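Only one chain comes next, encoded as structure tokens, the form predicted alone.
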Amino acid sequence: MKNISLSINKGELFSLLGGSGCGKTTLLRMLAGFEKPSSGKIYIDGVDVTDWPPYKRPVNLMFQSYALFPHMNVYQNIAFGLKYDNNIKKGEIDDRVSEVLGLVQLSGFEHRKPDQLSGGQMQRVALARSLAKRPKLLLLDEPLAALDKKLREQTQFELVNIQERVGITFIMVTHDQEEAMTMSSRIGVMEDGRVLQVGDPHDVYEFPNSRYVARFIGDINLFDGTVIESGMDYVEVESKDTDCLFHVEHTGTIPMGAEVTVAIRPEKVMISTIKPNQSKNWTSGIVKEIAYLGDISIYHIALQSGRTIKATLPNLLRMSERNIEWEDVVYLFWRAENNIILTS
């Protein structure tokens, strides 16, 4: 970890997003008490818990593997931690188990063993066990990684709904950008032990603060260039990667001659066989690849410089009705407000 200072709001679903080895799981383990920071403090609900052992913290950790006891049924798995909590009376255990089973829609599954459950059901049992002790903070380590794509997408919304109903703060670790964007109220993007950017999904996607964040969150086209004109609310950038002149709406001051990167999301790029009526933010090239993905198609267009630009278009027409094919010469253009200027 490198000088991380992070505040997470009570009752939100916050995601730590990053590639393998970036430090997100280490940070999660520090919050759980399994690892101790070499410096700094950890506060939960305003209380310094830095030196508290895991069992004293108002925290539960839901493991990626679910860690269910195979010889115990669903009821026993959920009740296991409650039996050893001196603050919970024996008469409360049945009520707690029944409550969380209803919450995760598994009422009636009390007597089933883990090997009699589907992957999605095991995931919900693990969640129910974590919620049963009513922690102030629930940590989720890649909670949906073991599920297939369709079930994972369904479970994402179920998990968000449960979090909103119980009002417990969730901190989720994931490397799946789509998962983080779908589920989170805010995202912290990590790299090499640092938190590079924190924001809601819209801000992190539309306004990344660095090349790393721009590349990690969704697809993007990046063009290195030099600022040749700078105003109060715009810059113009010339790039060797294309003959295009980028006009970028930008608040702030970037000096003339500064080396910057212009980023454009593929869905912001429009394609036409007709030259656009604009002097900036357009270029041309040859269609080299078309990938049909059902709802959208992805186009790879080779520019004269040798660079390839990616564009995505919704499939509003059948393939037989489209007028853009492989090896066609096409024009690419976009709005000035769709350019993103990056200085790091």
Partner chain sequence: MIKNRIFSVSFPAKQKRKLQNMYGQTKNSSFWLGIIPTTWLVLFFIAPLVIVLQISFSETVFSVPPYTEIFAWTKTHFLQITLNLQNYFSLIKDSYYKNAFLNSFAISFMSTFICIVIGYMIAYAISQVSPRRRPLLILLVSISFWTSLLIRVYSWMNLLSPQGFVNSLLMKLGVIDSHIHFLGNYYAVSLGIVFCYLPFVIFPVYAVLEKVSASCIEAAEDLGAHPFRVFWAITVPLSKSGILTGGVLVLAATIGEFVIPELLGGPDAITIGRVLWMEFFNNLDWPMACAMSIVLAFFTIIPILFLKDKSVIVN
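Rigid core: the largest C-alpha set superposing within 1.5 Å between the two forms. Numbering follows the first chain given and starts at 1. Quick caveat: nothing in here was measured; it's all calculated off a predicted structure.
Another form, the form predicted together with the partner chain, is not on view; read the next lines as being about it.
J.: Which is the contacting stretch out of 66 to 74, 301 to 309, 40 to 48, 287 to 295, given heavy atoms within 4.5 Å of the partner chain in the model of the complex?
T.: Selected stretch: 66 to 74.
J.: Just one of Gly218, Gly81, Gly102, Gly120 has a heavy atom within 4.5 Å of the partner chain in the model of the complex. Which one?
T.: Spelling it out, the residue with a heavy atom inside the cut-off is Gly81.
J.: Quick one: does Leu313 come within 4.5 Å of the partner chain in the model of the complex, counting heavy atoms only?
T.: Leu313: no, not in contact with the partner chain in the model of the complex.
J.: Give a yes or no for Pro54: in the model of the complex, does one of its heavy atoms lie within 4.5 Å of a heavy atom belonging to the partner chain?
T.: It does: once the partner chain is placed as it appears in the model of the complex, Pro54 has a heavy atom within 4.5 Å of it.
J.: So in the model of the complex, does Lys280 come within 4.5 Å of the partner chain, heavy atom to heavy atom?
T.: Flag for Lys280 set to no.
J.: Taking the partner chain as it sits in the model of the complex, is Met30 near enough to touch it, meaning that at least one heavy atom pair lies within 4.5 angstroms?
T.: Met30 lies outside the contact set for the partner chain.
J.: After a rigid core superposition, would you say the CA of Pro70 moves by 2 angstroms or more between this form and the one not shown, or not?
T.: Yes, shifts by 2 Å or more.
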